[in-house]
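Only one chain comes next, encoded as structure tokens, the form predicted alone.
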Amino acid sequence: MADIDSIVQYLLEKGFNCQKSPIDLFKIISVKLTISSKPVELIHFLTDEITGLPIFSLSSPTEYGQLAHVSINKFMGYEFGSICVNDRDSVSVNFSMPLLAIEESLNRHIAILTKSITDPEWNRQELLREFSSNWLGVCDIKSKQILLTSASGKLEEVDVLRSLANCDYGVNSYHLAQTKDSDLSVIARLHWNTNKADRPIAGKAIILPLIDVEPAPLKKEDLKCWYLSALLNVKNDDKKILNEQYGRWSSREYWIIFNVEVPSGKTWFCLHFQAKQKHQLPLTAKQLEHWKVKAIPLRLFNKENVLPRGGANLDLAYRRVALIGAGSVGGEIAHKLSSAGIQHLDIFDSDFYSIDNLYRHILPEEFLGLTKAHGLGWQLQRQFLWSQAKGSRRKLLDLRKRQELLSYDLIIIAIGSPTHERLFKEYLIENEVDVPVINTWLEGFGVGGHATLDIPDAKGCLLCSYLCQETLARGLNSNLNFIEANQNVTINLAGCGEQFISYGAICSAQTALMASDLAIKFLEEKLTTSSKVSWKGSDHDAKGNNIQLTHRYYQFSESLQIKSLHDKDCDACG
């Protein structure tokens, strides 16, 4: 890191009015400039090492009014404006050239300040766009945060339930405001102790939509004034209800939860009112005299907010998917589909969850003895709050019911039974069930896994993957396989009933990811043709167990690449 004299000298040579602090105890440099006839001073505290974009702070920031991307902080009694020039973690800094890094950062700080000071309309729009972040600057972060389940944001009275005592983590550690339009009521009763005997009412809240809003205040002292100006932006119908209905309440504590459209979308924020004695909800300056007002953190807890922020697709919420097979691959598929936003997932498997499954299945030990399908359904509903996943003990061949199958947008088969899968395919053809089907399976010893997407009325079907390339006749084993047919690929530890195919959880997850990707791409209409995809692993363990691999294994070099499933010689779709 360069010393302070070198930095000052460098910036002077670059034309900046720069000087170091007269007090040697502090390694501080000051850069003075003029923006739109206004004198500006930027302060930089030198660090021993450059680990991020060097920071310059604006001296006496309140002299410039509200500036976009400038938040006010106090240090040793002095106010400094913290300037946000970028996501600092996303900037790659040339730490080996500290003088260049400081100059580059200084230029970025000056550019953002110049824009904020010289372009008032841009400044206002940026302040509104970052309303939520700026609001946090005046929030009392020590206050108990509220989770709000509202979806519509309409004017509504809501009970605020207290957080559970001695609970520091999870939903139960928040105050919970559950609105009438929430679809989390059932889950709330199951998991969050919303019985009022367990969670007493902390007070009442009003959800109040605004038609417009001023930028968030700079200081907590300005909150009362800001609140009165916000009331001017309540539409007349809501204002009438507010005055005639809610304004007659008498309490020592209220929350008002606002929502309003800003350039970055709908934003939500909350004010908390507290008084020593009961008073009416404060709606005028005189009524406010009785109240202590503070901004408190608020988290919106509805699917429109939570799912997209978590990477899920709301458009998939109403797609119906049947998953047959809840083993290690099926379990991973169920998890990935749910995390992508699939809510209507029916899981079929008659197998029970046992101790043997613990290491390569996603279910925890508490589900031992339960069917895997029911365990997965319960686990998915618990983790993905809007999931309606259900389990069933029915097997693939039990599902040969035309009307039931037609109710699905996609069927995924992860049972690794080629005979049953081909029988099921025959039923679909004979009964004209035009529902797309994904078949997926993995092979032992870590050599790979496969998935096919069979779209009715499109070229390419599951039976294309059973066409023998030498005889052009339909075979009993998939032509995608990497292990030669008619070999004993099971490992026997203790006789019949104790045999298993050797593969690990990574192989299951890899195969499931591939099949899930195929499913999501199809449901999002990004994939419209019948397709196949494989991944290829090492042959180390196969060789160690004298397992013969296919010609395809040795020639295959297109792992995870989605290819056409169609074979022109297929007698079913060719």
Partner chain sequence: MSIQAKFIKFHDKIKLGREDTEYKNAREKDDSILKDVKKALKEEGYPVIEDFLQGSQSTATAVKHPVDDFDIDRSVVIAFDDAPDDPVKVKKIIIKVLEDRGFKNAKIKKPCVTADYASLSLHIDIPLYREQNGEYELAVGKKNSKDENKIWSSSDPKGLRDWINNKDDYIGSAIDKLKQYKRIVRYLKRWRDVKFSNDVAKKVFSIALTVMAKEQFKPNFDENGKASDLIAFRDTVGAMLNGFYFGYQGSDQYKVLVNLPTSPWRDIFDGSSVNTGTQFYKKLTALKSKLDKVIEEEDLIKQCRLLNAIFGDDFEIPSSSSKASTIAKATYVTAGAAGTSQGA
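Everything quoted here is computed from the prediction, not taken from an experiment. Positions refer to the first chain, counted from 1.
The same protein has a further form, the form predicted in complex with its partner chain, not shown here; the description that follows concerns it.
Peer 1: Consider the chain as shown here, without its partner, and state which of Gly444, Pro209, Pro282, Gly391 has a heavy atom within 4.5 Å of its partner chain in the model of the complex.
Peer 2: Exactly one residue meets the criterion: Gly444.
Peer 1: Quick check on this chain: which one of Pro263, Gly475, Pro456, Gly203 has a heavy atom within 4.5 Å of its partner chain in the model of the complex?
Peer 2: Going through each option in turn, the one that passes is Gly475.
Peer 1: With heavy atoms only and a cut-off of 4.5 Å, decide whether Asn479 touches its partner chain in the model of the complex.
Peer 2: Asn479 belongs to the contact set for its partner chain.
Peer 1: Just checking whether Glu470 would be counted as a contact of its partner chain in the model of the complex - the rule being heavy atoms within 4.5 angstroms.
Peer 2: Answer yes; at least one heavy atom of Glu470 falls within 4.5 Å of its partner chain in the model of the complex.
Peer 1: Quick check on Pro418: any heavy atom within 4.5 Å of its partner chain in the model of the complex?
Peer 2: Contact check for Pro418: yes, within 4.5 Å of its partner chain in the model of the complex.
Peer 1: My question is simply whether Tyr174 lines the interface with its partner chain in the model of the complex - judged by any non-hydrogen atom within 4.5 Å.
Peer 2: Outside the cut-off, so no.
Peer 1: Within 4.5 Å of its partner chain in the model of the complex - does that hold for a heavy atom of every one of Ala414, Leu549 and Asp571?
Peer 2: Yes, each of Ala414, Leu549 and Asp571 comes within 4.5 Å of its partner chain in the model of the complex.
Peer 1: Looking at heavy atoms inside 4.5 Å, which stretch does its partner chain contact in the model of the complex, given the options 418-426, 283-291, 269-277, 351-359?
Peer 2: Of the stretches listed, the one contacting the partner is 418-426.
Peer 1: At 4.5 Å, heavy atom to heavy atom, what parts of 299-335 sit next to its partner chain in the model of the complex? List them in sequence order, or say none.
Peer 2: The stretch 299-335, when checked against its partner chain in the model of the complex, contributes Gly327, Ser328, Val329, Gly330 at the 4.5 Å heavy-atom cut-off.
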